[in-house]
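Starting off, we have a lone chain in the form predicted on its own, written out as structure tokens.
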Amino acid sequence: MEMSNLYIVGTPIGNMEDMSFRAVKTLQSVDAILCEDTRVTRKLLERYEINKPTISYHSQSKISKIDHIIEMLSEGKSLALVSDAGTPTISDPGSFLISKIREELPETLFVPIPGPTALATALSASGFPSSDFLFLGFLPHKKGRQTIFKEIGETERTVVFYESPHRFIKTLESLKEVIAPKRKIAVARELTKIYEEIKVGTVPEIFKYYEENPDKIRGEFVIIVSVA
């Protein structure tokens, strides 16, 4: 069995110019690239003239797909793992894949290639304390959702989480119920893209803004709740 490498490669969250030199060189050097949606990744590869085979791996992938990936690594193949946007395994199915590879092929060399993440990008522009924060990823749709909002209301740390446009307004309504009226939040959307927007204010202020601008409830949101 040959030693194999799995590169965990961060890719842009919007603006393709955020691709690092090291990320490009790594993707040019591997035998194949594992990606959530091959169509999305193919646009990035074409932008940087990277001609490598792609293999889809996402949350609905079957165990047989993981077995195939492990077999490639056991043959000494060098693979790269990317997500549709940002750093793989951060609120991303890649974490399960890596855990399975570590179980089956512990001798695999895992090489992280740092890149953008929406949570760090939004946090850096919020002005909120970031030396100690709680990241919740995407909140559950139903079970445990109210418990999490209660935790957000009680914690004394900055809280960061992701939300979809479909649940955004309901999320603001839930936040209004659990946090103090003067406690500020930041809402970031379309980060690094043409219509990037980062709004900071109290929940009532943010709620009013989006109520008056419903056309802006698009794309994935990063919501940051300041310390109590």
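Owing to the predicted nature of the structure, the values given are computational and were not obtained by experimental measurement. Numbers for residues come from their place in the sequence shown, where the first is 1.
Keep in mind the form predicted in complex with a small molecule is missing from the figure; the text below concerns it.
Interface residue among I50, I69, C35, A188 relative to the small molecule in the model of the complex, by the heavy atom within 4.5 Å criterion: A188. Taking a 4.5 Å heavy atom cutoff to the small molecule in the model of the complex, the contact residue among K170, K182, K193, R39 is K193. In summary, the region of this chain contacting the small molecule in the model of the complex, judged by heavy atoms within 4.5 Å and restricted to 77 to 85, 123 to 131, 147 to 155, 95 to 103, corresponds to 77 to 85. I90 belongs to the set of residues with a heavy atom inside 4.5 Å of the small molecule in the model of the complex. Although the partner is absent here, T117 lies within 4.5 Å of the small molecule in the model of the complex, judged by heavy atoms.
Taking the partner from the other structure, the small molecule in the model of the complex has a heavy atom within 4.5 Å of a heavy atom of E163.
At the 4.5 Å threshold, heavy atoms of V222 reach the small molecule in the model of the complex.
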